[in-house]
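Here we start with a single chain on its own, the form predicted alone, put down as structure tokens.
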């Protein structure tokens, strides 16, 4: 039960740390009380989507990151640096060879349509969504499905100034359909035959067909290619509300490759106790009543996310990190956690664990707390990933960098 590295947290930062360590020949255990937030929210890879980088005709991402780090040295990107961020993104991309890849256009952000009728800037886009960048330039037909309530094609068509249509589905066992059900059906040739025939009836002179991001979990490019052949037009996916089928594809790809390389996964097992000796972690315990199992490692990475993942908890007086009881950077009172208005940049989103440049946790005086523990992902302080549109970039970069530094330690 002894490992070179134990990673606590199964989101994108934890998975990137595991990938980085196992590729260096380390024995790795990754623990998660759930599957992380990839399967909920991630569709594309946001790196930095502030106004400076919000459109395809703006600053190259590398130049924008350099300026951002210069202006915000306390940001997690400031700990990693531009070159290591690029290395981390390249490492992520290595998991996705053709045909299903993640791409940027001209090394800048691109504006893609979303399932709520807006365009949003993002950097790395899955192959199934790339053609959506041309929605404003080409005649487009948006396809929804009766009973699927997270994608209203007619309303979206009004927002995007194109046409919309809603198809009835014979496979629907009830009046309400889920994204996961649609994704499973899309992988059946008979279902694609039906969809292709029905969409073809709806086409007038459109060149692009937009559908919700449900083109299967296992072979989305194969599903898209088959639909395009049947329809006679280009098909692209549009990001939708949770659950995220593209996020499931990312998680499944990581899990499959990491298990093949020898990483041990413990899913559904929260850490119940850590054993500390002065400035070192000597072990952890996993409680699965009536059994409690102990694990030890030379190095540990905390990548448990923020409030939704349980990485941070709050009571009426303060915000806590529940596993190692690390100090959380935060204002003095609860009144200072939030802005006055709903759409303010609420200070609570910048709270988190302070670290040094190696991502070791530190106290308010800058002194290291635990010598063999590193911190990665959105639990880190000094960012506002919602406003910056930087969540996946922070997770990939700090997951990669924390594992690199842990292997040096």
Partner chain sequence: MKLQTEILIIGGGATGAGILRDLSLRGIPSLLIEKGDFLSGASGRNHGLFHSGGRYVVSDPEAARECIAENRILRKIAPHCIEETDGFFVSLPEDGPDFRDRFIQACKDANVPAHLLSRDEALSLEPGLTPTLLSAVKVPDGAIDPFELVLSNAKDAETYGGKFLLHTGVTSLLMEENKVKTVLAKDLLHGEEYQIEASHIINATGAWADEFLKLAGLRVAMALSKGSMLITNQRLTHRVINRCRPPSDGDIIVPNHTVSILGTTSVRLEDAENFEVTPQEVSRLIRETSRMIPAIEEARFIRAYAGIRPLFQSEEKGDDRAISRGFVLIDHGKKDGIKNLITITGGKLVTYRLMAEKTSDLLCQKMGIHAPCSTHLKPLPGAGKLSGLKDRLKTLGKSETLCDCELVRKEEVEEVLKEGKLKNLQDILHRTRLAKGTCQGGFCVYRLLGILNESGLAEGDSNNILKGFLEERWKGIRPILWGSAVKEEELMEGIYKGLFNL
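Residue numbers count along the first chain shown, from 1. The structure displayed is predicted, hence computed values, not measured ones.
Below, we refer to the form predicted in complex with the partner chain, which is not included among the displayed structures.
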- Item | 63, 89 and 222 each touching the partner chain in the predicted complex (heavy atom, 4.5 Å) | no
- Hey, in the predicted complex, is residue 236 touching the partner chain, heavy atoms inside 4.5 Å? no
- Task: Could you confirm whether residue 385 comes within 4.5 Å of the partner chain in the predicted complex, counting heavy atoms only?
- Result: yes
- Task: Check whether residue 308 has any heavy atom within 4.5 Å of a heavy atom of the partner chain in the predicted complex, and answer yes or no.
- Result: yes
- Any chance residue 351 has a heavy atom within 4.5 Å of the partner chain in the predicted complex? no
- Message: Only one of these stretches, 352 to 360, 65 to 73, 41 to 49, 366 to 374, has heavy atoms within 4.5 Å of the partner chain in the predicted complex; which one is it?
- Response: 41 to 49
- Query: So which of 125, 240, 271, 297 reaches within 4.5 angstroms of the partner chain in the predicted complex, heavy atom to heavy atom?
  - Reply: 240
- Message: Between 279, 149, 136, 229, only one gets a heavy atom within 4.5 angstroms of the partner chain in the predicted complex; which residue is that?
- Response: 149
- Sequence-ordered residues of 341 to 356 touching the partner chain in the predicted complex, heavy atom within 4.5 Å: 341, 342, 343, 344, 346, 348, 349
